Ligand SMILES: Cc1cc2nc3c(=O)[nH]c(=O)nc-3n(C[C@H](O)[C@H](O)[C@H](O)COP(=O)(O)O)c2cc1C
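Just one chain is shown here, as structure tokens, and it is the form predicted alone.
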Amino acid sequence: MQKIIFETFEAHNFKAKNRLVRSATWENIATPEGGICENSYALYNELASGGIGTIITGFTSVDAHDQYFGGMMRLCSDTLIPEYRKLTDTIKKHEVFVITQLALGAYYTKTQDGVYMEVDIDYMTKAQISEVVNMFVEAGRRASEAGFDGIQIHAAHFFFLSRFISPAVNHRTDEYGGSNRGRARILIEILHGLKNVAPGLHLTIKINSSDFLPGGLTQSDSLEICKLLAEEGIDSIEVSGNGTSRAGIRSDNDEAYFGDFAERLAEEVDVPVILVGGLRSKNVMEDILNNSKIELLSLSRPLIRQPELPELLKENKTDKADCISCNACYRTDGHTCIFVPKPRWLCGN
């Protein structure tokens, strides 16, 4: 049966009005405490009104002391739940399925002089690893209470969990290292914890297809870990990789640069695979859907320039995104497109 972009898609604890996903994008506009700025509500309202089926909200740290970079949303305190409830309400009024991306930039611990310092993964105690697992689980509970439909575990892009599962970083010799299964143990513990506190939510993961560096996670490693996660009950897998935002993507030529791995993975797991990375044109996306077992397609930069792109594609008002993959959006305040004059999405009134 032919798969269509703009048809309802259902999976475990998941139902979306189409197969297009807004991949999590760090907006850099949260408060220092991780709260939602008024302009964030406006940004997500614009995205949700543009016809997308699913939104994965931006990098959301599980730790109040995570200082890996600025402007991070956080779900590290119950006091933040009302702000995130307002966010999910804003998105859901457009009949959009909404997932939070739970993440950790790095693990920090308080020193004797009161300063928080990053702890090397090799030297973390088992109690500290358990603390990280608990931070993800508690953030998942808050996500459920805030009205999210799903949770994405961020294990890509060389943030904490991505580094933990990478043999280039994790040299542990205990049960949390030494093999793909050992390094993935933290992911499985987080997954099981989330299933306990949020049984009605769709649980997905974002993972590198490869680290693309010497001694790092290979495609074979990633495939093994993904199969482990599928066996342990993950609901879907979004395939990415280090250095995801490649510049100069040309429609019909350089698109879907993680496609080969995603196609292979989709053949070997029984859960939906989500492909992100360089998708720009409708014909390429339709070809991927109908010549592979990939089920969902993720977009990031194209929606920064054209939040209305899904609706334009659906109505055949365009056949490809205007985004030229220049990556200039990453150098602007609030990560806006330099070619589209609009108020900057800053943290303010």
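Just so it is clear, the model here is predicted, and its values are computed rather than measured. All residue numbers refer to positions in the sequence shown, first residue = 1.
Separately, the form predicted in complex with the named molecule exists; it is not shown, and the next lines address it.
- Of the candidate stretches 116 to 124, 172 to 180, 140 to 148, 270 to 278, only 270 to 278 contains residues with a heavy atom within 4.5 Å of the named molecule in the predicted complex.
- Proximity of P302 to the named molecule in the predicted complex: non-hydrogen atoms within 4.5 Å are present.
- Of the heavy atoms in R163, none are within 4.5 Å of the named molecule in the predicted complex.
- Looking at Y68, you'd find every heavy atom of it more than 4.5 angstroms from the named molecule in the predicted complex.
- The named molecule is not drawn, but in the predicted complex it has no heavy atom within 4.5 Å of K17.
- Heavy atoms of no residue among F9, T54 and T204 are located within 4.5 Å of the named molecule in the predicted complex.
- Along 53 to 70, a non-hydrogen atom within 4.5 Å of the named molecule in the predicted complex is carried by G58, F59, in order along the sequence.
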